[in-house]
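Okay, so here's just one chain, in structure tokens, the form predicted alone.
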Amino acid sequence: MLADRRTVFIETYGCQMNVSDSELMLGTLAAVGYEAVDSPDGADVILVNTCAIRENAEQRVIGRVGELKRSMKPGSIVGITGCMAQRLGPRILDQARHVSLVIGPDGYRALPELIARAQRGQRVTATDFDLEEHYEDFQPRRFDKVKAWIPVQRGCDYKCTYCIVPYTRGPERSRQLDDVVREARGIVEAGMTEVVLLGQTVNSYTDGTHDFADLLRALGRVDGLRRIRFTSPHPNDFTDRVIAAMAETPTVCEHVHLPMQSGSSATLKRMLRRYSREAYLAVVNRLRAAMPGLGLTTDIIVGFPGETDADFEETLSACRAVGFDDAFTFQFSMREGTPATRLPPELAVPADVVQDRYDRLVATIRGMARAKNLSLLGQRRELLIEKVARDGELLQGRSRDFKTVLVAADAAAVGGYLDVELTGTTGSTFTGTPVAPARPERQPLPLAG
């Protein structure tokens, strides 16, 4: 082992945007000679890339950093990056004296320099917003060798009352379409065939000339790209142009993660979601009319201040009306710095009521998903094989409509495609049997002349 070998360990919490940011950080450090390691033990630099959506996530990070301190070698430095770093800034340095770096999502360009300063004994904070920063010239070091995350938009302008993201990621801004297409071509050249476009409200993308519909169509013409996904969209930004581009671009997968948050118009208004129950259901109908067989997943919060029994029943009935394939469910958590903190205290929902509603919501979602999945047995799906399953024997793949399927196949199939028949389900995941491929129903778009 070389004496001057410099190593870095990055631990990531939170959403796919954080995963992508960790790839950016690792790429920029690799470019100046750092080698990634799989364990914090003995690493010269330890970076904890954080989420700020929920308070308990931040507390876990503080606890985790304490654990890391006990296993650090002399001379190592620890940094906290990401949304929690942006939200708390220098306060982290006061809470955790062994932390040397606090860097927000717009500060990664200076990461090598900031680390060098920390290694000289300085304690550094970099949490200014940079509305021009998209890291276009960075070469990410990707963790996943099967699909690639592409950030196309950063920040958010919606400012929902419960959400900290606008205050940790800043206002909305989008990358240039040509740069996104260039990155997608590079991903294909690296051997990957699926991209996931990332943005806080990804379908509100605009580079000043092109909108999200233009971006989907442009990526649909990238030779060798077989699948396009995106997350997370906002219901208000599914224009007719965007829905048409989705339906008419064969590489766009038949799945949308469409956050609902509540099925009650009154609750949605207090959340400042800017749509009603009826408007959300209308978007669902427009999407399904354009893309039959579309898989739909969602996010739902229970116990938002002022939520009544009737409001919660409306959420349950909206779930039944949509028939979601799955949902990420959350109990409301008050975040310092969000507009929700200014709601009258008497609107708070008792903890035992929130727990009861949460349990009922989870049971409803699981019941619907199980019934739907049972109805799909015998159908065929094209899988992108993503990895070896946890049991070490089967492979795990994902269908275009976002179903997780386990299949018996050689490990060499990872990264490739298999057509399978759905032969069993646990209620959430499937088992499948390989079959001969069927002729694709959606034909590729012609190349632009």
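Quick note: we count residues from 1 along the sequence shown, nothing fancier. What you see is a predicted model, and the numbers here were worked out from it, not measured in a lab.
As for the form predicted in complex with ligand SAH, it is not shown, yet the points below apply to it.
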4.5 Å heavy atom contact, Gln200 to ligand SAH in the predicted bound form: yes
Partner contact for Arg54 in the predicted bound form: ligand SAH, 4.5 angstroms, heavy atom: yes
4.5 Å heavy atom contact, Gln261 to ligand SAH in the predicted bound form: yes
Partner proximity in the predicted bound form: Ala126 to ligand SAH, non-hydrogen atom cutoff 4.5 Å: no
Residue (of Thr251, Gln331, Ser76, Thr206) lying close to ligand SAH in the predicted bound form, criterion heavy atoms within 4.5 Å: Gln331
Heavy atom within 4.5 Å of ligand SAH in the predicted bound form - residue from Trp149, Phe324, Tyr162, Phe312: Tyr162
Ser232, Arg273 and Arg335 each touching ligand SAH in the predicted bound form (heavy atom, 4.5 Å): yes
Contact stretch among 111-119, 346-354, 253-261, 175-183 - heavy atom within 4.5 Å of ligand SAH in the predicted bound form: 253-261
